[in-house]
Ligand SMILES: Nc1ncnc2c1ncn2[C@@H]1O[C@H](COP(=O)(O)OP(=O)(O)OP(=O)(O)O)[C@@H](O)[C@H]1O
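Below you'll find only one chain, the form predicted alone, shown as structure tokens.
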Amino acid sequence: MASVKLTNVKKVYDKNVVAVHDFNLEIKDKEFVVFVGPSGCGKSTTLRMIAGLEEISEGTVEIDGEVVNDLQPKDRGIAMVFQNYALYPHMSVYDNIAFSLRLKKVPEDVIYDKVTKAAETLGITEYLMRKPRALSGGQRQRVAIGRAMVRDSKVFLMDEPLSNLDAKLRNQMRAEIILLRQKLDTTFIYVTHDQTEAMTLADRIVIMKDGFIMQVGSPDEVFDMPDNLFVAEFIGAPKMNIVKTGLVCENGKYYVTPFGAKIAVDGDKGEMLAERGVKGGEVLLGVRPEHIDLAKAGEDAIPCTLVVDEMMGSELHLHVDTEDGTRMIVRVPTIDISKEERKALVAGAKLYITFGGKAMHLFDPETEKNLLA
């Protein structure tokens, strides 16, 4: 087992294109860390530098306390699972899994034990004599994972391993990766653009944008207390509603004033603003769709017009426009809506929404930093 440490790691391509900027991170032994971010943010490049598949322009990568910058991938004690599986089409499943062991001239009886044990763990024993073309996408991914398992590596690297699978199979494979992690009890570094995968798999999430780390934290931390506007909008589905509004302080209490309403910033959040001496002014108000409630007309209720409603099974996603044309998304459990109320949710229907001060996030409009983080 092993820890991984990246210190001031930078990747520069020709013509001074910087793909990764000053990346610093310590990954503990047996920790499951997920790199997540939009396409082109540098997450796969960082993973490939750890693996030795990309040259490091600056900085150091350590695995188990050893600097590995100049080591070949095969000497780093890592195993990598690729997005496209990278299986040998002319070999059976058994031979694909056994391939790296045969290169090392491991005795055949040891190879047999390792391959059959990995196949049993992954539920692919019955496919060992088949060729990859006779397998489904999920079965091929299990073979690719099995090939990594038998190497007894210190660190597992997984580069978007589920992106080629359909939604149902992705859900199934996510659960299988969680179970696999429990069985292997080793260090995992996992790359994805899918924030659902990141939230369900990770001990810690590294959120990246344009080659920079935007935040590192547990799934709860990055969801409940995003450091900045980018993280707030990236984590959560549907994404957080963001509204430019005013923040006022009256008699030691803070209020936001979106769409003419006046909503108190309650509890710890109000106390934190006071402790930091925030004067008020223009802010970006963030409210997650699940923290907005349908309401009746009232002082703090915000009038809206329903534009689109999406039926998601267990919940409705209501896309509404406020009177000034701002689009908001409201997430409502279907169990909370009667049949009569559901029938009334048609395009053009008049609705009122509200939310409490404890649910809100406040961001500086210039720096985009969370004022409450």
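For every residue, the number given is its place in the sequence shown, counted from 1. Everything numeric in this text was worked out from a predicted model, so none of it was measured.
Keep in mind the form predicted in complex with the named molecule is missing from the figure; the text below concerns it.
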{"query": "Partner-proximal stretch of 38-46, 310-318, 59-67, 330-338 relative to the named molecule in the predicted complex, 4.5 angstroms, heavy atom", "finding": "38-46"}
{"query": "One residue of 353, 19, 360, 9 in contact with the named molecule, assessed in the predicted complex (non-hydrogen atom, 4.5 angstroms)", "finding": "19"}
{"query": "The named molecule contact in the predicted complex: residue 227, any heavy atom under 4.5 Å", "finding": "no"}
{"query": "Heavy atom of residue 197 within 4.5 Å of the named molecule in the predicted complex", "finding": "no"}
